[in-house]
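One chain comes next, on its own, written as C-alpha cells: the form predicted alone.
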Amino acid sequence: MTTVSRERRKLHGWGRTAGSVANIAAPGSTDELAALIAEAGQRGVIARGLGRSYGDVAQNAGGVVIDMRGVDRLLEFDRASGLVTVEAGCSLDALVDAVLAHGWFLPVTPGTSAVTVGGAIACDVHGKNHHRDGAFARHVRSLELLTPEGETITVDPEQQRELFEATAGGLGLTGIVTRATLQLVPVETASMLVDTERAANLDVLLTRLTSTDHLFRYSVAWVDGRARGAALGRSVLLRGDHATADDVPRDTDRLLRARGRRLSVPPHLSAAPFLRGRPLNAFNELRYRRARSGKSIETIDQFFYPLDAIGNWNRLYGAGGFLQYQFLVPFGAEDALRTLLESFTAAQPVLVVLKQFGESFGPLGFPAPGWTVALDLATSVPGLARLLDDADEVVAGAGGRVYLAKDSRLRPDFLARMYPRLDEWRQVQSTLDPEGRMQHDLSRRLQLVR
C-alpha cells in the first residue's frame, strides 16, 4: 500500500457550486501515482490541477483526488526550436515566466494562466485564436500517459492518434498525463497590438467577425448581456496580434513580462448586489461607450489574463457562487444563437463573450466550426435551472453542445445528442480502464463512462 498521506477535504470548482468531499493525495513520483491508481476503490481516482474548472470535473465524492501541483518541473527547453517538455503539474503561468524572456509564448491559452499543462490537455482548452490555431492539443508533440492499468505510455499524436484524441479533451478519464512536450510560438515582445471596434448589434458583430477575423491571430467579443431588441448583441470586438519590436518603444525591455498590480478579494466580500439590475446596466453601458475604435498596445497579461489581476475574484458572487454556461452552435444556426442570447438577457449575465471556432478535434473535443458564447451567471437567478435546461434543448436542436469542462448541471440525456462521437470515445476509454478506476463527479452525473 502506498505511503502517500491523504487528507479528507471538501472541493468545488471555480464557480464554488456542487462541492463534494474526497480524499486528497499529493504524490511525489510516478510510482506513487501508479500506486494510488492501483489502490482505487469503488469511487476511483482522478487528477486535479489548480481547480480552475468551473464545475465538478476535478472532484470525486468519496474517492481519491490526486493533487498534481507538486509535479511541476520544466524538464527540457530548446530555445532555438521552441520545444518545451514539462511535467503535467506545471502551470501555464510558470511556463510563460520561463519561456517569454527567450522569445517564446504559449501556442494556445485560455482566459487564465492558473491552469496546469495536464489540465489544459485533459480539457483541450481553447483561446482567442481557435479560428487560426485550433485548441491546445493541436500543439502537443507528445505526452506521457500513466494508464489506469499502471502502464506508462509515450503517446505520439501521429503514431497513436486514437489514444491521443481520446486523451486530449477526455477529462482525465483515460489515465493521468504526467508530462508533455509542446511547440511554442515565437514572439518579439511581451506586448500585444490590439484592435478595438464597437458593434451596434448581433448582425453587425457576426458580419464583422466573419469578414475580418482572418486578419487577426486573436479575436474575442465582449457582449452586453443586458442589451435587448435592436441592440441585442451589441459588443466590443477585441482583436490582436503579438506586437513586433517596431511596435514598442526602443528603450523598453521588450520581452519583460509586466504583470501590473494584483489585488485579492477578501474571503467574505460579496459584490452580488452590484452584479444585477441597474448597477450592471450602468457598467455595461459604460463599458460599451468607453470603447474607442483603433489600435493600442497592451501587455500579454492585460490581453489574455485580465481577471488574473484579481485574486479569488470568484468570491465576488457571494456564498451561492456562479456557473459559466458555455455553448457552441454551428455556422448556419445563427437563429438559435439569437434565441439563446434573447433568453439570457433576463438572467442578467455578468460577463458574456463570443468567439468563432475553427476545426474540431477528438471525439469529446468541445470546439467545432461555429459560434461559441460563454456566460457567467449567478446561481441566485430565479428560474435558472429551467432556463438552462431550455437552453440545452435549443443548443442540442441546433447541432451544438456545451463545454463539459465547465459544466456542473447538464442532464445525461443530452450527452449523446451533443457529442455524436461519444461511443467512439467510450470504446477507447473502456479498453484502457476496464475496471473503472478513473472517475469524477461529472463522469458519474453524466453517466459518461460505461
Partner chain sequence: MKDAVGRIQRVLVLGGGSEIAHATLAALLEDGPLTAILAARRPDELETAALERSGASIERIAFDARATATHGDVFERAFSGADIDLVLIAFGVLGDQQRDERDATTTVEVAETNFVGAVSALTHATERLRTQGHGTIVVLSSIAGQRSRRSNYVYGATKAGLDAFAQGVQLALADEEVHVMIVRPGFVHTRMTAGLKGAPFSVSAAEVATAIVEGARNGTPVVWVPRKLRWVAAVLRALPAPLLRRA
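The model shown is predicted, which means the values in this text are computed figures rather than measured ones. Residue numbers count along the first chain shown, from 1.
Same protein, other form: the form predicted in complex with its partner chain, not shown, and the subject of what follows.
Legend entry - Interface membership of residue 17, its partner chain in the predicted complex, 4.5 Å heavy atom rule: Yes, residue 17 is a contact residue.
Inset, instruction - Indicate whether residue 323 is a 4.5 Å heavy atom neighbour of its partner chain in the predicted complex. - result: Yes.
Inset, instruction - Answer for residue 43 alone: is it within 4.5 Å of its partner chain in the predicted complex, judged on heavy atom distances? - result: Close contact exists here: in the predicted complex, residue 43 approaches its partner chain to within 4.5 Å, heavy atoms only.
Inset, instruction - Report whether the minimum heavy atom distance between residue 450 and its partner chain in the predicted complex is within 4.5 Å. - result: Looking in the predicted complex, residue contacts with its partner chain do not include residue 450, since no heavy atom lies within 4.5 Å.
Legend entry - Segment assignment from 45-53, 66-74, 28-36, 405-413: heavy atom within 4.5 Å of its partner chain in the predicted complex: This holds for exactly one stretch, 405-413.
Legend entry - Partner contacts for 211-239, taking its partner chain in the predicted complex and a 4.5 Å heavy atom cut-off: Result: empty, none.
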